[in-house]
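The chain below stands alone and is given in structure tokens; this is the form predicted on its own.
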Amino acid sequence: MKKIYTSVSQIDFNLSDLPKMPAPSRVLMVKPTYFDVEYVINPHMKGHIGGVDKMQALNEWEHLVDGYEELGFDVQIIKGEKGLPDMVFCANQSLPFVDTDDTKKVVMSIMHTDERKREVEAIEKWYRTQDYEVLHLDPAIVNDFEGMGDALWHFKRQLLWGGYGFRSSLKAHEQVSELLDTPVIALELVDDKFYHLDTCLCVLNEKHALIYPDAFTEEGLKMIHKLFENVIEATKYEAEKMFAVNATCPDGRNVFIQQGCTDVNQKLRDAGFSVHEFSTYEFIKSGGSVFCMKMMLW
């Protein structure tokens, strides 16, 4: 079922109509050996060039690795590469999935900025050692697509939520939909502080989502509320300064989130989620937090 949905009136399916997809059981993480802020390609990087405490960043990253292992996930770790300081944000270079025949596949990204383009090749090399079928978008049609920064799977369903406007294009989502035979709910992003969809939408499970509403158009919000029964909203402060929505819920119950998001964390607990707080302050300097720092795998 391939189709792009840009308005709530176009939604002609129920979630139960869509094929199921298993929840991931593995996690890919890139060691932040070379992580730093070396350039400015998003508003959060301003004022932070050369300002990363690398020892603290490594400690934060290691605690996050421990968190996934404590939940029983198989954590795959690859080395970062010199000259690629943002490779640690390994949600961005690819879009992995399992098709209806249980075949593992991955669509590789076309990074928006020159500074990050070489990351894709490095991540692709790893996928080719992992029994994944590697797919590419047509660069003659698509100029930019930043993987799971802007393409989020609905929990256990073959449905994509696609963000566009800053780092990925609507044309990219059209080609992804065609290539994967998968419907895409296309959400226009309107605030450059929320330049990736994963900074303003967190799919918690099939019925719950966490969002920062001001990052979306009115039509986008209608589509979100159409397909999620319970939509939790983050405040401007916690979303923008604490990256509260750049959380992740890998199993539909446990939420990993930047520490100190008091309001959101209470709302999550009230909704029945178990909240695990992690410090990602060094990574926030570069414009990423918990979700950006991993890739869920099968």
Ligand code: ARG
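All residue numbers are counted from 1 along the displayed sequence. Being a predicted model, the structure only gives us computed values, none of them experimental.
The form predicted in complex with the named molecule is left out here; the points below concern that form.
Legend entry - One residue of 33, 42, 254, 235 in contact with the named molecule, assessed in the predicted complex (non-hydrogen atom, 4.5 angstroms): If I apply the 4.5 Å criterion carefully, the residue I get is 42.
Legend entry - Selected contact from 228, 97, 127, 195, since only one has a non-hydrogen atom within 4.5 angstroms of the named molecule in the predicted complex: Contact check passes for 195.
Legend entry - is_contact(residue 173, the named molecule) in the predicted complex, heavy atom dist at most 4.5 Å: Looking in the predicted complex, residue contacts with the named molecule do not include residue 173, since no heavy atom lies within 4.5 Å.
Legend entry - the named molecule contact at residue 208 in the predicted complex, heavy atom, 4.5 Å: Answer no; every heavy atom of residue 208 is more than 4.5 Å from the named molecule in the predicted complex.
Inset, instruction - Classify residue 92 as contacting or not contacting the named molecule in the predicted complex by the rule of any non-hydrogen atom within 4.5 angstroms, answering yes or no. - result: So residue 92 counts as contacting the named molecule.
Inset, instruction - Classify residue 149 as contacting or not contacting the named molecule in the predicted complex by the rule of any non-hydrogen atom within 4.5 angstroms, answering yes or no. - result: Yes.
Inset, instruction - Just one of 174-182, 212-220, 198-206, 72-80 has residues with a heavy atom within 4.5 Å of the named molecule in the predicted complex, so point it out. - result: Going through the listed ranges, the match is 198-206.
Inset, instruction - Go through 238-255 residue by residue and record those having a heavy atom within 4.5 Å of the named molecule in the predicted complex; state none if no residue qualifies. - result: Only a single residue, 246, comes within 4.5 Å of the partner.
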